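In the block that follows, a single chain appears as structure tokens, in the form predicted on its own.
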Amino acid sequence: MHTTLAYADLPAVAPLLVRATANHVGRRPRAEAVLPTTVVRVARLRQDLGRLAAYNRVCGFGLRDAVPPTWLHVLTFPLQAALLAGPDFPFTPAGLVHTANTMTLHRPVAVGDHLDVLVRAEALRPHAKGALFDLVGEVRVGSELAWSGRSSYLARGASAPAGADAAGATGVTDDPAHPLRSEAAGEQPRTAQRWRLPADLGRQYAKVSGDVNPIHLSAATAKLFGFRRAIVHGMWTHARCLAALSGRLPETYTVDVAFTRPILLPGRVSFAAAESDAGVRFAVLGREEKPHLVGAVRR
């Protein structure tokens, strides 16, 4: 049995993240965490075309009638924040690490489509460094499921019930093995690009996405959480990869990514991709070709 929290429009993210953090001040962690059954919804959402254009510019997408699937993730993010801000959510957002993301574009979504958006939490399971759980999003156009996504988060030091059911958990692993080192059968020649990431990229992406986590905004705020400099949003990197693959993606597909190492700002990374009959494998690589992100598109 679930409860529904309905919004008339997307809520502002920053106040929700502040409230979510404040909820845990002085609170003793439970011996075993329990995820709430709340479903957060917005119905008949009208897309902000100015914000979409700015998002496309920051992430490298061209202007098209069909929106990028990562844009639909951005529309679920305020509802994720609302879920985290609930008094019964067991983890503070300040300690969460986004480890993996899976999304499926079931049908193209046009800029003029009105969207029904929802988010829920599920699949709490143990991890060597704490507990993992998923925030699951869905976007419908009318009664038709157009997009679904699953973001996996690690709560360091937390506990999940022993033998917890991880059904539905993302199949992406955080194995840092180089994904493009060996050629797959029938694989086409690789493509590669070099990206220079400016120091303010985190602030640019925060402005268009609403994700104002301080680890992304400046070196000063990132140092409060143990980073030498600000790090780029994982979902910017995910989006930039799909933008680099524009023209090579089918009309509908599933894309899986794992975030393996943070990218410090400013920075330089390379993008590599290889196509086969099964789809496209890709990675964002740093020094000595160590991956920051690995991913695959399945047709």
Partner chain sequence: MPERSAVVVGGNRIPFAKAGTKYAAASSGDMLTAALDGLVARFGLAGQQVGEVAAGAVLKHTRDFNLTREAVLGSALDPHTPACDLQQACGTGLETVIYVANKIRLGQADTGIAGGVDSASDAPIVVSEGLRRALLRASRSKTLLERLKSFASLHPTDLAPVPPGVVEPRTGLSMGESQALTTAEYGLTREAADELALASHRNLARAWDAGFFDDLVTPYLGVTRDTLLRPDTSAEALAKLKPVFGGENGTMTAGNSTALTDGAAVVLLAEEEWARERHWPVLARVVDAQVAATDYVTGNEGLLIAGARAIPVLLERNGLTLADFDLVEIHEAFASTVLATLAQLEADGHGTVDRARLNVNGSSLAAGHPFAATGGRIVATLAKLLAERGPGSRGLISICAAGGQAVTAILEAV
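As the structure is a prediction and not an experimental result, all values here were calculated from the model. Numbering follows the first chain given and starts at 1.
Below: the form predicted together with the partner chain, not depicted.
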Classify residue 190 as contacting or not contacting the partner chain in the model of the complex by the rule of any non-hydrogen atom within 4.5 angstroms, answering yes or no. yes
Within a 4.5 Å heavy atom cut-off, is residue 57 in contact with the partner chain in the model of the complex? yes
Would residue 228 show up as a contact with the partner chain in the model of the complex if we use heavy atoms at 4.5 Å? no
If you check in the model of the complex, is residue 248 within 4.5 Å of the partner chain, heavy atoms only? yes
Considering the partner chain in the model of the complex, which of 258, 244, 33, 42 comes within 4.5 Å of it through any heavy atom? 244
Only hit among 235, 273, 52, 265 for heavy atom within 4.5 Å of the partner chain in the model of the complex is 273
Please pick out the stretch from 139-147, 112-120, 89-97, 191-199 that is in contact with the partner chain in the model of the complex, where contact means heavy atoms within 4.5 Å. 191-199
